[in-house]
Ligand SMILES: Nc1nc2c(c(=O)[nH]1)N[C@H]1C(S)=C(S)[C@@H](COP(=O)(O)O)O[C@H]1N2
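The chain that follows stands alone, in the form predicted alone, written as structure tokens.
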């Protein structure tokens, strides 16, 4: 599957499988928080990416043959460069830490170049499909696949060992791949938000939280009322898909206290920016509307006056600037895995 004496179609098929697997596991790694499989997903993502590097000598021979032919090869060259940039940026982030150049992190470069490479790969496959043939499903193919997987796994283990022995920052990453930043020190915790959001500045004195439930009149809760009820303190880890995590102490009101008993449907937490996330009713006791970070009221950058604290979930579930919480009949999975706005 990985190569023959004349590299070609099977190498392309193997590359397509690895690229698809790396892309899927990359997004899955963004989705999982403190789930038991988080480490396994991150490791598999790394192994698949290094598997692409293992195939590089055979793929380079294919590219060289293509360059000798008189036909446009711009897409192939761009794809190769983007794929190489993505892998290099990923290795840099996983070993040297959350480095930035001009405000752009290595992780952001890794993700952006991977998405662009996948789009080019899809366009190429649609133009020149790579179909599996009966001869591809053979014992020899299975042995070559095992050899490719074993080589990529050994490369990942060697890189991990080198990172650990050299004492590089990558040896201290969380199971999700994130680096610790500002735990116990809110002023040192990064201020980030979803890429479509800007930080709004809200007046706490004018703030009103709306509570909506089907068949019941809307309730409105002022910021002063929330502060009076905000007596619950919890330590929770905010693990951002931007590549960092921080454990902080949050104070606020558990969502089940705000909503009361729930029989079904799902909870929708809405931001003043239009950003929303949907949760199952059983999560209500673990979720909290926070008014304080540490001993101080939430700043605008960290989601003030009120934000959601969602322990065990990645940062994009921690809705900032909450202005409405509603309960409706739709299930919690009736939403995009990642926010679309």
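Predicted model only: the values in this text are computed from it and were never measured. Residue numbers count along the first chain shown, from 1.
Omitted from view is the form predicted in complex with the named molecule, to which the following refers.
If you check the named molecule in the predicted complex, you find a heavy atom from every one of 192, 273 and 315 within 4.5 Å. At the 4.5 Å threshold, heavy atoms of residue 319 reach the named molecule in the predicted complex. Looking at residue 37, you'd find every heavy atom of it more than 4.5 angstroms from the named molecule in the predicted complex. Residue contact check for residue 256: none of its heavy atoms lie within 4.5 Å of the named molecule in the predicted complex. In the predicted complex, at least one heavy atom of residue 244 sits within 4.5 Å of a heavy atom of the named molecule. Only one of 222 to 230, 184 to 192, 139 to 147, 202 to 210 places residue heavy atoms within 4.5 angstroms of the named molecule in the predicted complex, namely 184 to 192. Residue-level contacts in the predicted complex: of 108, 236, 240, 262, one residue has a heavy atom within 4.5 Å of the named molecule, and it is 240. Site annotation in the predicted complex: the residue of 57, 301, 280, 294 reaching within 4.5 Å of the named molecule with a heavy atom is 301.
Taking the named molecule as it sits in the predicted complex, the stretch 23 to 53 never comes within 4.5 angstroms of it through any non-hydrogen atom.
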